[in-house]
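Consider the single chain below, provided in structure tokens and representing the form predicted alone.
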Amino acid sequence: MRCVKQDAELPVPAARRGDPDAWDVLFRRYQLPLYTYAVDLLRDEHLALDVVQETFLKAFRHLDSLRDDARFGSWLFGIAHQNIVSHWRRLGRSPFSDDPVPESESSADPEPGFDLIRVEEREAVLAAVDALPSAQRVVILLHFLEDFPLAEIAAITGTFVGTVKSRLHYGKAALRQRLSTIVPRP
């Protein structure tokens, strides 16, 4: 999960000057979260790697357009999000259809952020998240796994804060409903 303090301490100014060590720090900090986000949405590890690479290339080319260095993380996720949407369109998928992801496309691999959930419940939670419509899944992942505030999620996804709130509300309700039938309460 991300930490706002860490984002404020990132070597963005040095990266802007072309310092390779600064870019290495940024890459190491965001490589795994971006990859996890892309895999969760694309369901394809190779495409996810492409998205991460494309994201850093675009970030390198356009870092001068970043106005607030402390928001580097949300800016980078915004680039990744647009790359994911482009891949969906090339694959002929609607980026934010309300249809759940077919079972054949869902991932059963455990993800970071669910470490406290018992092993037998982990797959049920991940399947429930995977079954959400793409628009809700994006907001759930960015808010709960990446710890982005609602305003930054709106910036990343190119939507309004109200839309993010709505998607988060309906996504959490769908997760509660699905998990209440799958995961027994103690």
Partner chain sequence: MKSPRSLLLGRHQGAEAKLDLIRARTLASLKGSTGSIKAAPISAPLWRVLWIELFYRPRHAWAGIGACGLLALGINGLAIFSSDLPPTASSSPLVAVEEAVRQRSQLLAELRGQTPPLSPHPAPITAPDRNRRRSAIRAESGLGIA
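Positions refer to the first chain, counted from 1. This is a predicted model, so every value here is computed, not measured.
Another form, the form predicted in complex with its partner chain, is not on view; read the next lines as being about it.
- Its partner chain is not shown here, and in the predicted complex it never comes within 4.5 Å of any heavy atom of residue 151.
- Although the partner is absent here, residue 155 sits far enough away that none of its heavy atoms falls within 4.5 Å of its partner chain in the predicted complex.
- In the predicted complex, its partner chain sits beyond 4.5 Å of every heavy atom of residue 160.
- Among heavy atoms of residue 16, some come within 4.5 Å of its partner chain in the predicted complex.
- Applying a 4.5 Å heavy atom cutoff to its partner chain in the predicted complex picks out 15, 16, 17, 18, 19, 20, 23, 24, 27, 28, 29 from 15-29, in order along the sequence.
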